[in-house]
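Coming up is one lone chain in C-alpha cells, specifically the form predicted alone.
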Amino acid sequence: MAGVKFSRQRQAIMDYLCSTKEHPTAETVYTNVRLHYPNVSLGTVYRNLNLLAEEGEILRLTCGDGSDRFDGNPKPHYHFLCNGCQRVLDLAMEPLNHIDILAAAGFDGIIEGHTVLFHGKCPDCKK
C-alpha cells in the first residue's frame, strides 16, 4: 500500500484474514487480533479493515444480515451464504463474466463488473 505507514496491527489483521477460510465479521477479526495485540481497539480494527478494503488488499462482503464480512483473498471469486448457520463459503467455479455482457445489452450505462452471492444450505445444514 503506497503511501501508507506500516502498522503491526494492520499486518496482524491481514495475517489473520489470510490464515482463515472463514469470512469473519469485524468483531471476529478484533477478537482474534487481540490474542496477539491485547491493547488494540475495535475502532482500530474497523479503520484498518476499511483501509485494506479500499486499497483492494481484502474484500468486504455485504451479506444482507446487517454486518460486513471480510475475505483475505481479494481475487475475483464467488461466495455462498448459508441460510441456516449464516456461514459464508467460497465457491470453486468458473467466472461468470458473460453476465456483464448480458446486463450491458439492456443497459445504457457502463457495466464494470458484478458481485454474486449465492444462498441456500451448506453441507452441514443440509444434513
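Heads up: residue numbers just count along the shown sequence, starting at 1. Given the structure is predicted, the values throughout are model-derived calculations rather than measurements.
Below, we turn to the form predicted together with the DNA, even though it does not appear here.
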Using heavy atoms and a 4.5 Å limit, would one call Asn39 a contact residue for the DNA in the predicted bound form?
yes
Can you work out whether Arg47 and the DNA are in contact in the predicted bound form, taking contact to mean some heavy atom pair no more than 4.5 Å apart?
yes
Though only this chain appears here, would Arg8 touch the DNA in the predicted bound form if you measure heavy atom gaps against 4.5 Å?
yes
Is Asn73 close to the DNA in the predicted bound form, meaning a heavy atom pair under 4.5 Å apart or at it?
no
Of Gly43, Pro95, Gly56, Gly84, which one comes within 4.5 Å of the DNA in the predicted bound form, counting heavy atoms only?
Gly43
